[in-house]
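Let's start with one chain on its own, the form predicted alone, as structure tokens.
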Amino acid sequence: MADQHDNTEREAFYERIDPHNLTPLWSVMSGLITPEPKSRCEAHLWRYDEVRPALMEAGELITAKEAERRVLILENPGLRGQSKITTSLYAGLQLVKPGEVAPAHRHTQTALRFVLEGSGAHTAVNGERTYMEPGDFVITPNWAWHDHGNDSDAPMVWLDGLDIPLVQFLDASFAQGLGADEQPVTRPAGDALARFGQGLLPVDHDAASPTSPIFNYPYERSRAALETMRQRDEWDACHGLKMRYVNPVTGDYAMPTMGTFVQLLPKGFATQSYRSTDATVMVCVEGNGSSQIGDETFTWGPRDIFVVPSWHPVRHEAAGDAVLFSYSDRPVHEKLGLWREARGNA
């Protein structure tokens, strides 16, 4: 009877304080401060060969200029309607057909492009064009003017990764159109890579920007580096051979809100179980294999995309030599002192 009386009094108290926009912490604490990460984000895989027809159909329905960005968003099945692939990250597949231009604009969201299909289209960032090939990782820094164009004779498709949900959470979204299809080109192609990507820096370079001054990391160079390093046969039990893309000025991540990585798994290599707090989007660049994420197993091949939610154990196994590109919100976790990992059965 005493418990019933207490509950009645408490419910009456809750009703009295509700009009004042007050909520008792003790009634919601278990959902706010959880023993381990909890999210509606689910493990999922998008097969490129299944998604591509829809993207090509979109190309017949709307032009790149009309859409501004002709993109099909990869929505996590646990987060439908929110334009999210993880709680803090966005992903989409963008199509630019031959002869098209995606008009110049800028925004406070940082973006990456990872090229999946086509050759020779370009992205222009802050006055410099870079021509893109499959496997290239391209950066659009926060508030940088950028536009895309395709002068080749084949469609160009890349994965867009942005920190849109994070910027939305912080109420810090701004965007602006240039009012022209393309920005003026003021620097020759390859200028940024020549200045900052050769182990050299301009003598008076200002290192204030947290984003790498290199905005195209060509896959040809990344793949060659992995192949050279494999000769030492030093394989991490959870990652194979995994490297992170860096800002050559600071040695930090290439972008302040998203970490980007490339890893090589040799034929037959099976990783140990691994989990970390950063939810991760992964792309198969070459080869094939499978990943066990929690209780689910996903088989993947070239250009397939899958997501590993926060704190979900993952194991990879390569059927042949495989290369994976990935991005996550790990830089934010690390800077806030929140990132942690567990290897094996830990």
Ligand code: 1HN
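Just count from 1 along the sequence shown to find any residue number. Note that the structure is predicted; figures quoted are calculated from it, not measured.
Keep in mind that the form predicted in complex with the named molecule is missing from the display, and what follows is about it.
Participant: Residue 94: heavy atom within 4.5 Å of the named molecule in the model of the complex?
Facilitator: Although the named molecule is absent here, residue 94 would touch it in the model of the complex, with heavy atoms inside 4.5 Å.
Participant: Looking in the model of the complex, any heavy atom of residue 136 within 4.5 Å of the named molecule?
Facilitator: Because no heavy atom of residue 136 falls inside 4.5 Å of the named molecule in the model of the complex, the answer is no.
Participant: Check residue 69 for me: does it contact the named molecule in the model of the complex (non-hydrogen atoms, 4.5 angstroms)?
Facilitator: So residue 69 counts as contacting the named molecule.
Participant: Even though the partner isn't displayed, in the model of the complex is residue 160 close enough to the named molecule, meaning a heavy atom within 4.5 Å?
Facilitator: Residue-level check for residue 160: yes, a contact with the named molecule.
Participant: Within 4.5 Å, heavy atoms only, which of 215, 253, 90, 114 is in contact with the named molecule in the model of the complex?
Facilitator: Of the candidates 215, 253, 90, 114, 90 is the one lying within 4.5 Å of the named molecule in the model of the complex.
Participant: Of the options 84, 239, 107, 122, which one has a non-hydrogen atom that comes within 4.5 Å of the named molecule in the model of the complex?
Facilitator: Selected option: 107.
Participant: Select, from the options 144-152, 186-194, 125-133, 229-237, the stretch whose residues sit within 4.5 angstroms of the named molecule in the model of the complex by heavy atom distance.
Facilitator: That would be 144-152.
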